[in-house]
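One chain is shown next in structure tokens, namely the form predicted alone.
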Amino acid sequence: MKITLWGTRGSLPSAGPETVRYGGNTSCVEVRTEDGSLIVLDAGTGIRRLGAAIGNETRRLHILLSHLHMDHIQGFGFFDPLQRPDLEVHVWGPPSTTHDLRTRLTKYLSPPLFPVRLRDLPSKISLHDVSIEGFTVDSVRISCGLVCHPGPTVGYRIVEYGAAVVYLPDHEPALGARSFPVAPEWTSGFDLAKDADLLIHDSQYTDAEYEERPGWGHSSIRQTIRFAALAGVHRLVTFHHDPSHSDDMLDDLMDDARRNGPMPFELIPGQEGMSFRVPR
């Protein structure tokens, strides 16, 4: 599999020269499987850049939404491939006890919030509430699990030929815990992340910022590192950076994390444009 980061920020997009290296777009990750399938993780503003890179040879793709907060869907209407009548698009999102995915997504893709209605887009769009039992896309098995974040939110584990990529962009694994790591059996997201070859995980806060925001559904960088160690992952990509954190501040946070001691995995600060290969 080849994984490319198109948007790594949390909340509203950041702007200005201080975000040149890490980028200012919100969550979007491209996954290209070995058999040529295209899977898109979230539809933040980064999906616009991805759309410009997709050629006309792509006839089908899958968009997996972790949840429907605006920073994870606000790029959907600006994804140019949706204007192609020959493109088959499957959109997957977390289930809800009140409305199906189409009803909830239409609240954004309709006036007055957006000029074009979801039903008027030319591409062949199918919407699916994800099953917690998971599903299959060609040669890829996708496992899903509800994770700790306000509102219905799922994490994804994508496995192809034994290689596993896990995506937990908005996640607070140890809500209410006074110390971390905690028991794996009740740590949110542990089953999804266990032994992953590549974990893309929320790293929004400093320790001090998290102390003021428990229950907001995000992690400090220190918590993310401890969660990755608990899960036994091989590579950790920090993600969902706070929009107020400059490039220099994020560099300093990564340096501090490395100085705290050796880690049993490779720590990679997630930046727009980065690509990774996960071999079978």
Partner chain sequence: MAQKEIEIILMRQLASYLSMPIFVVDPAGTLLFYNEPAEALLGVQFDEAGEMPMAKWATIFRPTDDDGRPLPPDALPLVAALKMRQPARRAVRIVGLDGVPRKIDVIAFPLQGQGQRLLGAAAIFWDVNAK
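Model, not experiment: these values are computed from the prediction. Residue numbers count along the first chain shown, from 1.
This next part talks about the form predicted in complex with the partner chain, which is not shown.
- Between the options V147, A196, I200, I73, the residue in contact with the partner chain in the predicted bound form by a heavy atom within 4.5 angstroms is V147.
- Proximity to the partner chain in the predicted bound form holds for all of T97, P152 and E185, with the criterion being a heavy atom within 4.5 Å.
- Comment: 88 to 96 is the region of 201 to 209, 105 to 113, 88 to 96, 75 to 83 lying near the partner chain in the predicted bound form, near meaning a non-hydrogen atom within 4.5 Å.
- At the 4.5 Å threshold, heavy atoms of D138 stay clear of the partner chain in the predicted bound form, well away from it.
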